[in-house]
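Only one chain is included here, represented as structure tokens and corresponding to the form predicted alone.
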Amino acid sequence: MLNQITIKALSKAYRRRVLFKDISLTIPDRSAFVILGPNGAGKTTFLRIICGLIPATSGQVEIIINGQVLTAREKRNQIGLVSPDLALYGELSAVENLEFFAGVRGFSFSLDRARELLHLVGLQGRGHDLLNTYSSGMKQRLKYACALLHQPHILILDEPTTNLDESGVALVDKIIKQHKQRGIVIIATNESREVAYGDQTFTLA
């Protein structure tokens, strides 16, 4: 069955400032798509439109899973997002943050699943520590656990290796490679090494 993202004549402007105009492209299943461009070019805005967090000025984004075009609600259930704007809660533990995000998405929370993800991102043994005790790199790792919690088909990464050390970067490499085997990865970056993640690249001027 067909799985892909189809972007048709997508444009975004804020009053007289045009970020991008008439972008049309297709992102196939089991691939990674990298969006490049200088700061202010609209990379994060582009991702937010794909996620359905903000509207486009014109054009549309179709997410097709198993041959069906998803509704706005269905899109949210198929997308996992890692972004500098993603808010984690310092007064909660890692496990409690995962439980909160499960509730926001409307599905039941599994402690076993939480432990599995914390192990995946290298936070085993720290699940019940408050996030206020975490380093910035540990918080970035937890964002990956939150994004993967509901097993999304589409993983969207804005500045994916921000605040990560060498082992954290290797973790991101592993997650991207694994996710490409079953779904779609979309990455916005300014880092030259992260271009290598992409099967396709697109540059916003």
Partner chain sequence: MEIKPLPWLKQSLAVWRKDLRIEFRTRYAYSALIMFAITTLVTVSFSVGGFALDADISAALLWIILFFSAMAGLARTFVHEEEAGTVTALKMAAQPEPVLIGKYLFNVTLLSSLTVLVVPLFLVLLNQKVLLPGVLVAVLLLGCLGLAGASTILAAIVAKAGAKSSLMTVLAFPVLLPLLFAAISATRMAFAGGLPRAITTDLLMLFFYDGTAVVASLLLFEYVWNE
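Because the structure is predicted, anything quoted here is derived from the model rather than measured. Residue numbers count along the first chain shown, from 1.
Quick note: we don't show the form predicted together with its partner chain, though the next part is all about it.
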Go through 36 to 44, 163 to 171, 50 to 58, 22 to 30 and give me the stretch that gets within 4.5 Å of its partner chain in the predicted bound form, heavy atoms only. 50 to 58
Would you please decide whether I79 lies within 4.5 angstroms of its partner chain in the predicted bound form, comparing each non-hydrogen atom pair? yes
Given that its partner chain is not shown alongside this chain, does L92 nevertheless sit within 4.5 Å of it in the predicted bound form, heavy atom to heavy atom? yes
Does any part of F100 reach within 4.5 Å of its partner chain in the predicted bound form? Heavy atoms only, please. yes
Touches its partner chain in the predicted bound form: L120 (any heavy atom, 4.5 Å): no
K139, A147 and K177: each with a heavy atom within 4.5 Å of its partner chain in the predicted bound form? no
Which residues within 71 to 88 place at least one heavy atom within 4.5 Å of its partner chain in the predicted bound form? R73, R76, I79, L81, D85, L86, A87, L88
